[in-house]
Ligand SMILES: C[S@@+](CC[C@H](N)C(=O)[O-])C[C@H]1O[C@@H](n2cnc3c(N)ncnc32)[C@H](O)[C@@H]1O
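In structure tokens, one chain follows: the form predicted alone.
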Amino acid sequence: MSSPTTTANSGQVEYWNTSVGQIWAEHQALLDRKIKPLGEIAMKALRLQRGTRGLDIGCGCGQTTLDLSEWTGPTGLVTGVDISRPMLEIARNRPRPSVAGAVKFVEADAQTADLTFGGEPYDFVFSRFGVMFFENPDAAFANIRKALKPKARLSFVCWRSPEENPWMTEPAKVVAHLVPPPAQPQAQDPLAPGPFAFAEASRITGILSRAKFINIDVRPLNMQIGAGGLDDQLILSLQIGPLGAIARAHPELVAEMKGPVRDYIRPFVIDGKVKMPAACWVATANAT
């Protein structure tokens, strides 16, 4: 199924269907390895039962959708929704777990689409770092709630502040001396769609409350994460996040960037594996 020709999140649709979406698809295995433990904590909070039907918002390359289908079992159904065609192509071609039930991947904007897609409402909704990119989060969560049964369970994991996640922001800083300054630096709106849009727990609580969710709980989650060894993390650092944006703008500097970024990562290597502190929120609630 294709996404609507017009969408409230046109900027994000373009972003995730061009180079960024392709990069995430290309490095899917490293990215899944890095953030899978964080998603698993949020999945456990759903208290999933066999035979239930669920919705995975911002499913990306599909790992979370397939993991959820193992929880719901052969008689369950999990629908993964995303706006990124490159990532959905990966998702649709991944092997299904032997104990999984029905799995669907749909290209759609969760802020505006009918998320039941003509079927029954869902028992739960989940997201691993997929809910921070809505132009209008209030409208998006109200639309998500409409696709849920009464008392359906919601759980998602999202990043806290940039200051609490230096693994994502520091690599760009250590190469700043190599990069020409922008002509007119612009202040970033902290509430704009992006990885840190839900950095404040009070914002999450307000959005969910206005969307008529109840029993809202937003808890901090701190965990050591990594993509594998030093070289694996170096690859991701040069492709993803603020440094990835700099590298795409200045490909002629990438070779020179590798040394400072490698030096930043090296102290986090323990027994050959990178372990960097990450700070998230796990939000849970029930639909009315």
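As the structure is a computational prediction, the values presented were derived from the model and not from experiment. Quick note: we count residues from 1 along the sequence shown, nothing fancier.
What comes next is about the form predicted together with this ligand, which is not displayed.
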Quiz item: Does this ligand get within 4.5 angstroms of any non-hydrogen atom of G130 in the predicted bound form?
Solution: yes
Practice problem: Classify G58 as contacting or not contacting this ligand in the predicted bound form by the rule of any non-hydrogen atom within 4.5 angstroms, answering yes or no. | Solution: yes
Quiz item: Does this ligand come within 4.5 Å of any heavy atom of D123 in the predicted bound form?
Solution: no
Self-check item: Y264: touches this ligand in the predicted bound form, heavy atom cutoff 4.5 angstroms
Solution: no
Quiz item: Does this ligand come within 4.5 Å of a heavy atom in each of M43, D67 and F156 in the predicted bound form?
Solution: no
Quiz item: Using a 4.5 Å heavy atom cut-off, which stretch among 97-105, 131-139, 202-210, 164-172 contacts this ligand in the predicted bound form?
Solution: 131-139
Quiz item: Which residues from 71-90 come close to this ligand in the predicted bound form, meaning a heavy atom within 4.5 Å?
Solution: V81, D82, I83, S84, M87
